[in-house]
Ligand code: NAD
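A single chain, nothing else alongside it, follows as structure tokens in the form predicted on its own.
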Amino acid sequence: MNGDNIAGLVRGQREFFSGGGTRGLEARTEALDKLQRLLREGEAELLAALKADLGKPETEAYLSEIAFVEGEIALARKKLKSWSRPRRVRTGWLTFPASGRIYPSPYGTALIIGPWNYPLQLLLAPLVGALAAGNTAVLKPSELAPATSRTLVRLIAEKFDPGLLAAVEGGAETARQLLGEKFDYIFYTGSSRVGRLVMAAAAENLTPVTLELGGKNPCLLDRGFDLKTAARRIAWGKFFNAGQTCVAPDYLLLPRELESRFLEELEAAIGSFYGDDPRSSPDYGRIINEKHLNRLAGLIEGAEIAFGGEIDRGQKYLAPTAVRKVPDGHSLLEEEVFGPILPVRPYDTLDEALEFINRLPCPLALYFFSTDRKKRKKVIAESISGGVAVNDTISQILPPSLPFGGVGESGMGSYHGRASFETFSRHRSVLTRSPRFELPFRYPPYRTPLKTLKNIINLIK
């Protein structure tokens, strides 16, 4: 789609929004129902596309992509009336007699830019909030997941009026053209590098943004925690989607004396998940493309590999891998891995581990395995991250009651469940005052002595 077509698309959505076609609860509910039908009727095609792009196992793709979005739709459908209801607030004595209400109102036309690692979920989950709040939306799926992008663009065109919802295929130039248009809200998921470009483009039009970025998510293991349980939960979170998950554990800190035993348990857990040869497992995914596979291969070149490390370029396969004795300053400890490689670093004291975590940019997630409540409170209090899971990995993003978002380098803003609705809503304050009563001392000339006025205020407080 060229620049003129994009400009026309955005103009058409603005006209659709101005016509009031998204405002009523009935229209919003209908839009959510259409999105639900799209997922159900297009399920087989979408699963096949996810398999083609990322080698996603059918069960993994359904649970993490389609079912996740369906859960968001179901909650929004159920709660839409209560979420949309104006909230009454106190207005204070100076406006007496008056009432105050806060109305959640749509921004207008939103732009949602999605990534390639969960090309369905991370594009459509925020869309649920945008539609529920009464916005129109333009979607930009990732060109690095071409099968999913192509399928989704076609399904949306079949189901939706482009004035309400449209999806645009294309690469960096298309994204640049979209960001050159004036949107009322921009929601971006992807890298911190591109996030900066999105924010700079949004600033040109003073457009509010939500940025869901990445980061080096620490996983911290405490003494006394069952190693087998920890290994299974860490392996699941790390190697789900072949490690290409923004909230996956990026590195592991563990007590020095437990390193060898834990690595044995971790390797055993991987074997129980994917067998002796994960390459032949129907449950293990693939790297998105050759460029990213080469980047990952470079990260482990010359490293001390505890297990894994096998590469099949023809299949875009990298085995689940653990690396030990990683020196300070190594890329594995400085850059986001975003793949099936787990650097393991021993520590002697909890304070030492926290110091290491805190010298890196703020991560999207932090994981701590411990049965000690005091230590859990200490880690949460003395660290900064977008979210935390205690004694598990990646599951903190699943409950829609928990807002999901980053901080600092890992992003700004949050969504999921009601938080998605709030993200795409302006909170409009409305004060209504009765014409039947006046406070004469509000108006000039001011005849009430200041001391008397202060006494009145103190009595009313």
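Bear in mind that the values here come from a model prediction, so they are computed numbers and not experimental data. We number the residues from 1 along the sequence you see.
FYI, the form predicted in complex with ligand NAD isn't displayed, but the following is about it.
Novice: Though only this chain appears here, would P282 touch ligand NAD in the predicted bound form if you measure heavy atom gaps against 4.5 Å?
Specialist: It does not: once ligand NAD is placed as it appears in the predicted bound form, P282 has no heavy atom within 4.5 Å of it.
Novice: Would A172 sit within 4.5 Å of ligand NAD in the predicted bound form, counting heavy atoms only?
Specialist: Contact with ligand NAD, yes.
Novice: Indicate whether S191 is a 4.5 Å heavy atom neighbour of ligand NAD in the predicted bound form.
Specialist: Although ligand NAD is absent here, S191 would touch it in the predicted bound form, with heavy atoms inside 4.5 Å.
Novice: Examine G214 and determine whether its closest non-hydrogen atom to ligand NAD in the predicted bound form is within 4.5 angstroms.
Specialist: Residue-level check for G214: yes, a contact with ligand NAD.
Novice: Ligand NAD isn't shown here, but in the predicted bound form which of P115, G339, P106, P218 has a heavy atom within 4.5 Å of it?
Specialist: The residue from P115, G339, P106, P218 that makes the contact is P115.
Novice: Out of A147, I311, A98, L197, which one falls within 4.5 Å of ligand NAD in the predicted bound form, going by heavy atoms?
Specialist: Residue within 4.5 Å of the partner: L197.
Novice: With the partner removed from view, which of 232 to 240, 181 to 189, 83 to 91, 349 to 357 is the stretch that lies within 4.5 Å of ligand NAD in the predicted bound form, judged by heavy atom distances?
Specialist: Selected range: 181 to 189.
Novice: Should the three residues E60, K316 and A319 be counted as contacting ligand NAD in the predicted bound form, with contact defined as a heavy atom within 4.5 Å for each?
Specialist: No, because E60, K316 and A319 lack any heavy atom that approaches ligand NAD to within 4.5 Å in the predicted bound form.
Novice: With ligand NAD taken in the predicted bound form, which residues across 139 to 161 come within 4.5 angstroms through any non-hydrogen atom?
Specialist: Residues within 4.5 Å: K140, P141, S142, E143.
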